[in-house]
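Encoded as structure tokens, the following chain is the form predicted alone, with no partner shown.
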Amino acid sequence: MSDLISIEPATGATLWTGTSGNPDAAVASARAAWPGWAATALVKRIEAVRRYANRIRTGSEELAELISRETGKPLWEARTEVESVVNKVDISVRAFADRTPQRQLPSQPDTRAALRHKPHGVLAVLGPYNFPAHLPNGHIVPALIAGNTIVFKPSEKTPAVGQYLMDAFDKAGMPAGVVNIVHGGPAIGKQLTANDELDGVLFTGSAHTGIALNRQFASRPDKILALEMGGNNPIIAWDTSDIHSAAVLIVQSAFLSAGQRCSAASRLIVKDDLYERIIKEVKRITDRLIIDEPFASPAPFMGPVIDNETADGLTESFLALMSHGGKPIKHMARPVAELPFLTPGIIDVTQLEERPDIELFGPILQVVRVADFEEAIAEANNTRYGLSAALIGGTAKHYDQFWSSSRAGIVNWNKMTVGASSEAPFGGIGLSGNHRPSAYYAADYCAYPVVSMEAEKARARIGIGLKDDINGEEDGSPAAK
């Protein structure tokens, strides 16, 4: 009997049904396959993941439509996600060669010093629902290239996309047991991460779950743990003559993917004398955003959030900000009562005595007015998170000050907080991660360095600190006869 049901956010229709898997069996399968996969030549492992990428490319429109149906994101955005999945393979091949190269090191005569890298073993990959293909793929592909085997648990909110990826690996001829999938909710995830046969966990999701994993593995330094968590990201609007472009960057940062990006701008920090002009234009553009089902025409800017529970929580959060003194600039609304569509909410929280330092994973933008640039930076850093931050406007001197003072892993100037390049590392500090950035730097946590000193023959002597040999031997050679 099915205990998992995936519902299309935009329609309420059932998309997929299935049953929770057996994490222990999946780990055992991966463990059995690991020696053979690790011993497979690197070129063969790369060929295997390229066959997988070709499968994804061949079915790109099918996968894009599935992503749109299961997440509610517009089809145009789902297509960009599929493109990222395909491109990840070549990027990961380059990154593995760049970040984990084999090379000779300086050494003594008749000795070879070498640096090589080894895979960890069996890795669990826990995927999120907002980018259900791209983000787990960003862990899985580099880990496979490095020689690890995988147990993949997709989000229980997007199991159909996770299963599609698994089927693509199977159709690409990936050896049995190298990539395994286990469906289920939080209980299955806990059972998976508790399995002692795992050599590590690669996680993308909320800070709450990431902290729980960090505690769970606190006494296990032998296991690799890569945490890619959320953000409470600031975007500062400062002196600029192009109010429209500034407002566009703010709206895109806050409301792309219905605000369901870990790098989305949650807080807009505005200079006092710029406030009226910036807010007027941000609201004008936001009022024009098309919010509709993924396949609508004209194409929507954003679709619904993932489910009604999430929409209810975001609506309650907006009301809570109001009740504590926030002044609504644009009210958040539910245009379709029974479906999780939300209109973006914008609220001035300058007067709040305590601003909540939480990740509101949806289309809510909090606005704070400040008098000077030092106050703007202090407000930007007023968070336990540290993923993404951006400055819109200002001078090169302002940006230098902003860059050097910002507590974030991504710091941009006159660019969005979202849309990071896969050719660069992606990660943050504080509650945004544990110093294991993903994307281009994923290779760093998928293999560990091994340094070797090697010689064809054993030649050694002790030149100092020995007593005279009473047997007449010297330096290990027989005494003269």
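Residue numbers here begin at 1 and follow the sequence given. Bear in mind the structure is a predicted one, so any value in this text is a computation, not a measurement.
There is also a form predicted together with ligand NAD; it is not shown, and the following applies to it.
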Query raised in the report: Does Phe255 reach ligand NAD in the predicted bound form if we count a contact as any heavy atom within 4.5 Å?
Result: no
Query - is_contact(Gly393, ligand NAD) in the predicted bound form, heavy atom dist at most 4.5 Å - result: no
**Report entry** 4.5 angstroms heavy atom contact with ligand NAD in the predicted bound form for Gly189
**Finding:** yes
**Report entry** Close approach of Gly205 to ligand NAD in the predicted bound form, 4.5 Å, heavy atom
**Finding:** yes
Query - Which of 322 to 330, 223 to 231, 296 to 304, 271 to 279 sits within 4.5 Å of ligand NAD in the predicted bound form, heavy atom basis - result: 223 to 231
Query raised in the report: So which of Ala146, Leu126, Leu249, Ala380 gets a non-hydrogen atom within 4.5 Å of ligand NAD in the predicted bound form?
Result: Leu126
Report summary line: ligand NAD in the predicted bound form has a heavy atom of only one listed residue within 4.5 Å, and of Asp348, Asp292, Glu375, Glu156 that residue is Glu156
Requested in this report: Quick one: name the residues from 357 to 385 with any non-hydrogen atom within 4.5 angstroms of ligand NAD in the predicted bound form.
Outcome: Glu359, Phe361
